[in-house]
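As a starting point, one isolated chain is supplied in structure tokens, in the form predicted on its own.
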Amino acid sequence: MSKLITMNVDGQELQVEEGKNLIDALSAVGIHIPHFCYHPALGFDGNCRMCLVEVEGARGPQIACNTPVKEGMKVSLSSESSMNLRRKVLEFELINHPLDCPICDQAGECKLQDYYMEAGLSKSRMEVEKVAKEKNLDFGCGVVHDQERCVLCARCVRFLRKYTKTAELGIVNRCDKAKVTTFPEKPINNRYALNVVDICPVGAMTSRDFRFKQRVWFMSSEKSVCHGCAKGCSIYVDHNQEKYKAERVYRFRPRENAQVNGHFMCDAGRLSYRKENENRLTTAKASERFEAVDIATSQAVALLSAAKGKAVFIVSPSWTTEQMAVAKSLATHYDGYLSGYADGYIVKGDGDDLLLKEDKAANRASLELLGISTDRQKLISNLKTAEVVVVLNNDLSLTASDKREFEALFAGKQVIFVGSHRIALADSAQTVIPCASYTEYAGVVVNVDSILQEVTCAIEKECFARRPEQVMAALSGNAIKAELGAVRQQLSASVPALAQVDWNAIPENGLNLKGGAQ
């Protein structure tokens, strides 16, 4: 943390970080200065004037986004004159706004709506017709633009110039004809486009995927980690259970984390929420017939007991560290071989210099931490002599070559599949046991940069979706430990890199296993 200085805000002495502007410095101590165009990841632009404040000794009102804090500075935010400055700016912003909050997806998350309510502006003084602009414009990549709602803060324009460097948007015309638009026949075309929806402070940019699906105040949010690739972006999981319906995930949003993803996430990871609702494995199988989960589990236990010393377990590289540890205990219990082979999760050429990684496994780093082999030849060698193969949510069909080779190796063996989704193996395995997916359990994952983060349980599915560690404990005849606390104690004792982890106080931004919390 930088040096602290003392300043005065509305007569109150505060200590804030030196070097920051007024918006960021006061935000850190719980004081919000209204603003539209400023965003910490994009810097100041100074075009909206919503953050005007009075600073003692300054020549006129100052924009807080471009005013650095100083020792002894005196700022007035709540005086009548300061409030009046912001009321006038807000009234200007609302002159041509359609005030369509009841049908706007941003309602409940809209800064314009919040400031309007705070300012108590209930009546318009305008007596002329509002300027009509275009609505429901398809900007590409699922971004929908409503020009009438736009306050021309230019956050979207600056994001595409500064972050993706693709510059698909610009502001054309002047005065009340000014508008954000794409260039002719050049829609938004990049892999981070939907971040402009997040950074839009009003409802001018909305996601076609989320439009009219839910009102935000009906949803609950949990902090979690994206499983789209090895970067492990911090996210919010927004979910809701409508009456007479199963609980669903409705969207992923980026969660600010300076040591992982900053303020953003890729569109592929954002839209991967759909997998949590679709193609789920919900029924168990025993001897290739649909059965109750308990019957399938009992059959799997019998098969494993009969094949002790001749079983191979293949664990998912995206399961939590705790689940991998339980898988290791399960393999040891049956004197079996455990592999974390997952070369099919690597998509060559699919990474970039921003967030996306070629490796689509969320927790490959933990395989190394726990000493779980990922060697292909060792796995093949062990499969040749195995009688039972237990695939623990590892999708071996991601590449055509793996699919052909492992299908041949599995021929003539008893295959038990434990998984959350209906992949090819769920149809071909003799025994199938469904389990929960990652928005339905808790644990930790370690990303490609050795940042350990917590995954929290967002939703509870119906009884078919037992947590993977519960399924594995049942497969051992409840002979191995699967409770989160017990597994974590085991991890601290056996994995040097996790020895000092305080499992009850993992920072929200994660723990750098190579350098501690940041």
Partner chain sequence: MAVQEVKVLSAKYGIKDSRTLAVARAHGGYSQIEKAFSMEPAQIVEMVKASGLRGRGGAGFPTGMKWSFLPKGLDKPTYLCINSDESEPATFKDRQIIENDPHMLIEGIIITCWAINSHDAYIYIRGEFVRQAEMLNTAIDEAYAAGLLGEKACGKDFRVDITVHRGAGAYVCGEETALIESIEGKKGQPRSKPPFPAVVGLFQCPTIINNVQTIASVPYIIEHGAEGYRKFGTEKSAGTFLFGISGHVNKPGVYETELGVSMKGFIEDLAGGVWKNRKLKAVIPGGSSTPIMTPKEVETCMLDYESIVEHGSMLGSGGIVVLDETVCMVKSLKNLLYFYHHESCGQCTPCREGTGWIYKIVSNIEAGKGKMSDLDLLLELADNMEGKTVCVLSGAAAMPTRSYIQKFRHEFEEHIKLGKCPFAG
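Please read all numbers here as calculations on a predicted model, not as lab measurements. Residue numbers count along the first chain shown, from 1.
Heads up, the form predicted in complex with the partner chain isn't pictured, but that's what we're talking about next.
Just to confirm, with a 4.5 Å cut-off on non-hydrogen atoms, which of M126, A302, L121, A258 contacts the partner chain in the model of the complex?
The option sitting close enough to the partner is M126.
Find the only residue in K135, K308, R208, K88 having a heavy atom within 4.5 Å of the partner chain in the model of the complex.
It is K88.
Given that the partner is absent here, state which listed stretch (234 to 242, 91 to 99, 329 to 337, 347 to 355) has heavy atoms within 4.5 Å of the partner chain in the model of the complex.
Answer to the contact question: 91 to 99.
Contact label in the model of the complex: C175 to the partner chain, heavy atom within 4.5 Å:
Although the partner chain is absent here, C175 would touch it in the model of the complex, with heavy atoms inside 4.5 Å.
Is Q490 close enough to the partner chain in the model of the complex to count, meaning some heavy atom within 4.5 Å?
The answer is no: Q490 has no heavy atom within 4.5 Å of the partner chain.
Considering non-hydrogen atoms and a 4.5 Å limit, does the partner chain approach G485 in the model of the complex?
Taking the distances in the model of the complex, the answer for G485 is no, it never comes within 4.5 Å of the partner chain.
Taking any heavy atom pair closer than or equal to 4.5 Å as contact, tell me whether A292 reaches the partner chain in the model of the complex.
Flag for A292 set to no.
Interface residues of 43 to 65 toward the partner chain, as seen in the model of the complex [heavy atoms, 4.5 Å]
In sequence order, F44, D45, G46, N47, C48, R49, L52, P61, I63 come within 4.5 Å of the partner.
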